Each structure stands twice: as C-alpha cells, then as structure tokens.
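The chain that follows stands alone, in the form predicted on its own, written as structure tokens.
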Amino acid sequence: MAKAKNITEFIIERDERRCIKCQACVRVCASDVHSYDDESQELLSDNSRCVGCHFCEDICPTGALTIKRNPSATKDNAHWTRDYIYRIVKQSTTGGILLTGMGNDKQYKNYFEHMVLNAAQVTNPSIDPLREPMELRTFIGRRPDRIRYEKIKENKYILKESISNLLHLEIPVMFSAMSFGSISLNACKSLAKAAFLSGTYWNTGEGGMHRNLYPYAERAIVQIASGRFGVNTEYLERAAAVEIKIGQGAKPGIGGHLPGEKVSEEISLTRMIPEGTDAISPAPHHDIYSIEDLRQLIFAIKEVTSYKKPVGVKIAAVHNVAPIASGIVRAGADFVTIDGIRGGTGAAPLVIRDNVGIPIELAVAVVDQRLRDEGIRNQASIIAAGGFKTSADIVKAIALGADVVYIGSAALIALGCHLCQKCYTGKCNWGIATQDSYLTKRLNPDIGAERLCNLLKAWALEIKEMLGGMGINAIESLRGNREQLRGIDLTETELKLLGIKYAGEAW
C-alpha cells in the first residue's frame, strides 16, 4: 500500500545569485529546515519541516530567502478543502489529537467589523484631544451601591462608605494571561516591564511567578488554576489582584498540559513541581462544583490577602455565559474575565479551538445586559479577551459593556510573533513560545518592553481620537453606551443580542 504523504504547507525559495552561503539560516532555524552539504557545498532546504515563521527570511543578510505558501492544491472542492484533507492524512498516520497554537483562524463573523461608531456633529461638538483633557483612567473592582457622606463643615465632607480596593489603570488595556512555561522568561519580562512602565497590568497565567519578575509584582494579576501551580501565600500577597481561572476561550472545558520535557529547573521552582514531570491542570477544579464552592474559594483568597486585593474569575465565552457571570458576581467576585472564541493559546486541540465557544462581542453584550437587568452591574468589572487586534475593537468592546480589555496575541505579535501556530512544539524561532536557552536569547526583554509600550501609547492616542470624535472626554462615559454603536450587515437577532440599532436608525 502506498504511504500517504503530508502536504507541504510552505515552499522555500533561495536566490542563488544573492546567497553567500553564510549558513545563517542553518544556524538559526529551530525546525532544522536548512542544512549544508559539505561534499557538494550546497545549502539545502526541507520544505516539509518549514512552519512559516519567516525567521530565516528576516535574518538572511542578503535577502536571498523567500517563504511562500505552497501553491500546489488538491482538486477544487468546497467541502473537502486542502486543510481538512491534510488533517485526515496526518491523523491516519499518527492516530493522535491535532494540536495548534494561537487563536481561532476560522472565518467566523467578526462582529467588531460589522459595527460602526458614532461621531459628534453640530449640537454635540467634538473634542480635540490635543488641546482638551481626555481621560482614559480606568478602575477594576467592586463599586458600592451608593455613596454616603457626612458634612463636617462648610465645603468639607467625609466619606462614610467603605470602598473596596480597586486596580488603577492609565489605559483600559492589560496583558492577558501567559504563563512562564508557555512562553519564555524574556517574553514574561517584556510584558511585565511594559505593564509597569505604561501604568497597566500583566497576568502571570497559571504557571506561578518567577523570582526575576518580583520587581513587577505590584502590577501583576496572578492566576489560580486547577493545578494550583506556584500558588502560596507569598504569590498571592505580592500581586495586585488574583484571578481564578475556570476556562479560556481557546479551549473551553479543557485543562492545561505542559509536557515534562519543558519543565526545566527554573519552571519546576516556579511551579513547585518536580523537574521533568508533566504539569497537568485538570479541566475541572476538584474543589469547585457549584457557585457556593466558588464563593468559598473567593472568600478564602480574600481572607488570605486581608481583603486588600480584588479577586476575579476567568471563564470562557459559552452559550449560557450571562447566567454564569451573574452567579460569579453573586459569589463575591470583584471582576469577571470573559475569553472569546478567538482567544489565543500555547497549545489546544485543533477541534476544540475551532468549534467550541462564542465570539467575545456577543458574550460581553449579553453579560453586561444581564448584570444591569439584575441591578448588580456595579458589583463587578467586566474584562473582555479574545482576539483584539485594533484600538477600534477596544472602543467598541467598551461601548458594548466591557470595563477593560486583555490583549495576548497582539502583544506577542509586537514582540515578533509571526503566527505560525506551532507554539506547542517549543521551537519558536522568535524566542517567545520556547524554553530553549539558545532561542530565548533572541528576545531582548528591554527592547520587547519598549515595543509593547509603543503599541499601548499608539492605541491610547487612537482611543482619544475616537472618543473626541464622539464628543466624549472620558472612557467611563463610553462604558455600556451602546447608542454610540450601529450595526451593518447584521440580522435582527444579532442586533438584539448586541443591544444596538442598525446603521441609519436615529437615537
């Protein structure tokens, strides 16, 4: 029987007139695509190994390399596309689950691209953010139902209401959860330092906090996942906030797994597990089987941290996300993180990533409305995550009801990621999703932090421009203000779920 051959996804073209045979491509490729034949003195490339990261192409001193998608295709068939044929061939060869990294790349409707923003005109003049104050400051946490104060003398009052500790952000954007283990320590340092310098927060993910990240701990949100990796009193007390991870958008209902070969000495110390052993986070928390169980954990964390830090819960965007979020708020959470179907990941079963969950736009809208209808919207902040790629996406998410947005994939792209989606192999040529000491050196955390700061600065300027164009001078005034949105090419059901009108409809 003829053996099925895997389809080569990329083709490497080498311009022999430009190639000086410096062998830089041989030295840098973690996938061993390139090799040098001493006998023939030729450079060879194995197309079947190429993952399309473009690192060799970028580093080639003479520009002799070009990485292209393989134009060779199967017979046109709308149902049996090349990708599905490739998956069947691979699984019939290996008998295993197909893994992938990063976010969902299916052509599901991107609702942000079907919404347009309002603009101020004659009766509501716009604001010039270059000459007038524009407030992007945002707070995360529980607000009181009412503010009580007492007048002690003329023009002087004292607050009688107890206000919980809130996270203070200069821009409504934070760096999403990415653990040390799924990404390199240099990538973690880049995110942590950028958050510290930009007045926002970074998330440790479920892998604990490396000691070299302690200087940035006051701007860290630490996670407690089912595996409880790295969780101890010091971990909780150093952080600014604590997030209980129930699910994530790339793999709702699925646990985490860091293979033992990736658990180095540094990771074992950080996660508090033996070196070389698999780090497995089960799908369920084995102490949470009800809202009451979740409430008990939330208040146990608050007791340990002396009620000085907000405690939130992260869930995946699923069909019944609104009642789930309501239960979480009633269980005492100070914020709810919702991760949509386009959320990224280091490793997930391909079939789960592509077929489970709902878009973040719909999830945020229905959760915000549910909490408002129940009169508890002030009791918790909403953090939206899952595929945010522009400042316009952020503005629209806040208008739908989010308080803050997490970015993960966009941050990694700023660090050099080319979305080859092979994070799970641990062979990231850009030094991001790897623990290989040779590869991690390629990412300079100081330069990485600078690039991330530049991204946040650029987006902050754009957000101010959009707010000014709407005649709004503070991001707080936009939150849940869906009258600033209109839909295009959306059904009545979609408009109803999003809580917005169709383009052309007046106020």
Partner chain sequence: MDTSINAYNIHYKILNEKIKILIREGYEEITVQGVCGQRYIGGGLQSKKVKIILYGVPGNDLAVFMDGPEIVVMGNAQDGVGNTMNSGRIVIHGNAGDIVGHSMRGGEIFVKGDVGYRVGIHMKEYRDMYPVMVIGGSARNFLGEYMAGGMIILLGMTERKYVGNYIGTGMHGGVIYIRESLLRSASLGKEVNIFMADTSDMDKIRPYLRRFASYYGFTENKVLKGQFYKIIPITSRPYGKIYTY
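Residue numbers count along the first chain shown, from 1. These numbers come from a predicted model, not from an experiment.
Note that the form predicted together with the partner chain isn't included here; everything after this is about it.
Trainee: Does the partner chain come within 4.5 Å of any heavy atom of Y307 in the predicted complex?
Mentor: The answer is yes: Y307 has a heavy atom within 4.5 Å of the partner chain.
Trainee: Would you check, heavy atoms only and a 4.5 Å threshold, whether H168 touches the partner chain in the predicted complex?
Mentor: Flag for H168 set to no.
Trainee: Answer for L236 alone: is it within 4.5 Å of the partner chain in the predicted complex, judged on heavy atom distances?
Mentor: Yes, L236 lies within 4.5 Å of the partner chain in the predicted complex.
Trainee: Given that the partner chain is not shown alongside this chain, does D287 nevertheless sit within 4.5 Å of it in the predicted complex, heavy atom to heavy atom?
Mentor: Residue-level check for D287: yes, a contact with the partner chain.
Trainee: Spot the stretch among 314 to 322, 176 to 184, 392 to 400, 298 to 306 with residues whose non-hydrogen atoms come within 4.5 Å of the partner chain in the predicted complex.
Mentor: Heavy-atom contact with the partner occurs in 298 to 306.
Trainee: Considering non-hydrogen atoms and a 4.5 Å limit, which listed residue (F196, Y424, Y86, F112) is close to the partner chain in the predicted complex?
Mentor: Filtering the options by heavy-atom distance leaves Y424.
Trainee: Which listed residue (G387, G101, P252, G230) meets the criterion of a heavy atom within 4.5 Å of the partner chain in the predicted complex?
Mentor: By the 4.5 Å heavy-atom cutoff, the listed residue in contact is G230.
Trainee: What residues in 70 to 102 sit within 4.5 Å of the partner chain in the predicted complex, counting heavy atoms only?
Mentor: Contacts from 70 to 102: K90, T94, G96, I97, L98, L99.
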